[in-house]
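In structure tokens, one chain follows: the form predicted alone.
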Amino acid sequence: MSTPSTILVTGATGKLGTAVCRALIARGLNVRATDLRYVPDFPTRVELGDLRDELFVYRVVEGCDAVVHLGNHPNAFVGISPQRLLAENTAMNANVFQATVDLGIRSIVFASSVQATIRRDRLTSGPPFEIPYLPLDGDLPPNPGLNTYGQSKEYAERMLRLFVAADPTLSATAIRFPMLVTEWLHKRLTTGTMALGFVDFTECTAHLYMEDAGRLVVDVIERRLAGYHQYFPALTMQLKGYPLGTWVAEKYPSAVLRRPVEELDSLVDIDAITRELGWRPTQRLVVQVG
């Protein structure tokens, strides 16, 4: 199948959106970018608009060959109420998905989140996270708990699965992005020695560099695999001074090991992504702990 020629990117001026737009342009694809925010010297023209407005969404989607939907409130700590975050993210997702399908566009890529799958409840006295098995992969069952950001991503994944059930020729891919590493974050985490107590093990230290994230989105667009696909593209940190086997035993004692820990160099299995898309990450965080 031929590569789509005009790609709509929502949330285009954010960190991930910028990386995706640059990667698409580098592959010779035309990008239609939209966001709420104007950014000077952006690599392509940005159409300002609100994805909560379904009429605007139809206008910006029309004429595109594929949609990369990144435009959501970015996490549970953006300064709005949990219920507003859930309602507005869900409205944005429904508007984009419905307009895409109604206008006959056959390819959707959605920025989901690892928080759709790993419970991060802040309102309960129970454990802050649950890891059912290791290594993790794209088939990890949803479990957002009371995190309304995670709930909005999990419901969006369900919407995409329903659209594909109605039309199996549709190409719909949810990418459960982990922590995305910018140049600033890379320097912060790799300069000097980090106290072990400051390492967040909630999501198995899963991470992905921005450039690798942008490249993955382009690979999904170019392959355009029919049906619903769900990926968790990540590596886990290499913690120098704290062997992987030690922290698996200490941090995830109830997780089912699907492979012997001595065979693992990461707690995320990306073999399915490599097999289907030929993609592999090129960078990994290496952190000295002590």
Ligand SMILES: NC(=O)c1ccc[n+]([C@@H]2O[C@H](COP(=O)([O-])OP(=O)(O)OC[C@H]3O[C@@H](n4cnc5c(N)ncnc54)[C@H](O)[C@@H]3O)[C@@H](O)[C@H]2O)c1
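Just count from 1 along the sequence shown to find any residue number. Just so you know, these numbers come straight off a predicted model, no measurement behind them.
Keep in mind the form predicted together with the ligand is missing from the figure; the text below concerns it.
| request: Pick the stretch from 174-182, 101-109, 193-201, 154-162 whose residues have a heavy atom within 4.5 Å of the ligand in the predicted bound form. | output: In the other structure, the partner sits against 174-182.
| request: Taking 4.5 Å between heavy atoms as the contact cutoff, choose which of Met92, Leu136, Val220, Ala116 touches the ligand in the predicted bound form. | output: The residue in contact is Met92.
| Selected contact from Leu36, Leu257, Ala249, Ala226, since only one has a non-hydrogen atom within 4.5 angstroms of the ligand in the predicted bound form | After the contact test, the surviving option is Leu36.
| query | Do Gly49 and the ligand come within 4.5 Å of each other in the predicted bound form, heavy atoms counted? | reply | Yes, Gly49 lies within 4.5 Å of the ligand in the predicted bound form.
| So in the predicted bound form, does any heavy atom of Leu70 sit within 4.5 Å of the ligand? | Yes, contact at 4.5 Å.
| said: Does any part of Leu277 reach within 4.5 Å of the ligand in the predicted bound form? Heavy atoms only, please. | reply: Contact with the ligand, no.
| Would Pro281 sit within 4.5 Å of the ligand in the predicted bound form, counting heavy atoms only? | Flag for Pro281 set to no.
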